[in-house]
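Okay, so here's just one chain, in structure tokens, the form predicted on its own.
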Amino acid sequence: MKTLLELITDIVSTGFEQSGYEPSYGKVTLSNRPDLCEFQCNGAMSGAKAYHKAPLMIAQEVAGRINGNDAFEEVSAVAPGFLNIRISRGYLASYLDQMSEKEKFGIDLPKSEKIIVDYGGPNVAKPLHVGHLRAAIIGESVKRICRYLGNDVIGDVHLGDWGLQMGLIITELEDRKPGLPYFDDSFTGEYPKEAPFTLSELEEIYPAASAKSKEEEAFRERALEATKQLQKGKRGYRALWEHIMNVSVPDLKRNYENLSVEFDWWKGESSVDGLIPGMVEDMKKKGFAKESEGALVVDVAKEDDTKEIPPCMILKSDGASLYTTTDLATLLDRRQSFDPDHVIYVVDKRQDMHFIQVFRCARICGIVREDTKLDFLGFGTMNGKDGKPFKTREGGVMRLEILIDDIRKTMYEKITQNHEIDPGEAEKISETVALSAIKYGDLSNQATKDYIFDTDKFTSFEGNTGPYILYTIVRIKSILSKYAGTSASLPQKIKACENESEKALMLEISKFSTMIMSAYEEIAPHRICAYIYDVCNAFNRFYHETRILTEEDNARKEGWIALLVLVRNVLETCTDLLGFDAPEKM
């Protein structure tokens, strides 16, 4: 199903052609002066030079050709050569009727691709904190958008489970409990099934070890050696690693579940360790990897680079692998396991150089197909009101579950203050609305930009916020529920609009297909936020100007109800793509 802009462009292009001009001049866009018209065409000014005619004369000719078309209420030629277009109400209603009837509102699905979205990246043995929020929220939305458009999509958490943090934990644990069998090289029995630490103990061990490694060089050297021995397969260290994973990963899953974030693959750096030796050997054999100051590197610089791109380091001088190594091996694993057409990384934008090197190296060395798309969506920092990275009042990094609980409590207070409501029901509603406040507060900002996490703003029921969006959807649901109580079924036929606020709402809804394709092609969930905010504003203007349920003209009322069914369905589709739902009441 063509978009409304495409349909109008077709008509105007035909008008240009019938007037003796190239039809490509008939491209129509949304008006940049909505006070004057709804759509505009600037083609007459582009064609003036080619046809040696005044642009206004061309515009007047075309306007004369298309002014009687059923699609238009009015087409006017305006100096110096604009075509100002107002769409007819009947044509607009007919278009929305088709949207209502079509699957996914009539969007023309692009060619299906196999896509992997890499958007977690937490280190095991550490609790999720607010620094993990953006990757989870943005990545989950990107995954859902890609799936909605018919792609085969895998979300990969890509755990940090194989690096120095593991060596730090093992070394600190050995200092605290040297008698454990994991540190006895002569031990040949079965290791205990129970981990020698609880989750809370594990979460305390890592920061203590990390701090010690910065102060004591000898401790850090031992941790580096422990990391190397773990990766080489030392039996006791591997058993400890399994304990760490078994204790830590379930807690990560619980925290992600609280955010309504789901991963298809719970793979980590460890899962590709076995691929590294063969991959490195292949790089050497083909002449891509060369020694430089003892390290193994691949030169990824290009002649037309405007900034210095350092070589991609594959192995350090001591033979140890790096993040670049595991990321390249992960791409190799993904090709062997899934053979994706497109891989999207949702990672802190400060990793930009890392991914330039990894992507170039992967292409040079043939790790990915030549036509595989590799995208890096680097996100900005979530800051507090002081403009600095978000912290607790004490200055530490806030745990994610504490942030979620604080927002939930705020929403609970607001909901119970405004309404007489059962406490249990208020709890459920506050959880739903809190999630919308957090996710919408993040996603409404362009991913690449830093933003201020303002609890007061994000939990408000007014303005460009998640609670405002949900309150609008709940208001629509309430109207439809009340109507359903008086009728056997909800009407489906949208009728020609009768007032400007109704037409404005219909025009906003008509933009769905264009918007969703922009969000997909640009990897930009904020496009959806901007769209639903405009739709909600248009609906609330219409609602306040229209007596919907008390309207005595039944045909008119049915048309309005049919429109609201479409508006509800579109809004709920969009909030699902953003990763949250609307309650039945608030």
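Counting begins at 1, following the sequence as shown. Since the model is a prediction, treat every value here as computed from it, not as a measurement.
As for the form predicted together with ligand ARG, it is not shown, yet the points below apply to it.
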Which of these stretches, 119 to 127, 285 to 293, 310 to 318, 94 to 102, has heavy atoms within 4.5 Å of ligand ARG in the model of the complex?
-> 119 to 127
Is ligand ARG in the model of the complex near all of 158, 345 and 351, within 4.5 Å of a heavy atom of each?
-> yes
If we test each of 327, 508, 502, 333 for a heavy atom within 4.5 Å of ligand ARG in the model of the complex, the one that passes is 327
Let me know the one among 338, 219, 412, 323 whose heavy atoms come within 4.5 Å of ligand ARG in the model of the complex, would you?
-> 323
Is residue 355 close enough to touch ligand ARG in the model of the complex, meaning at least one heavy atom pair within 4.5 Å?
-> yes
Within 55 to 93, the residues having any heavy atom within 4.5 Å of ligand ARG in the model of the complex are none
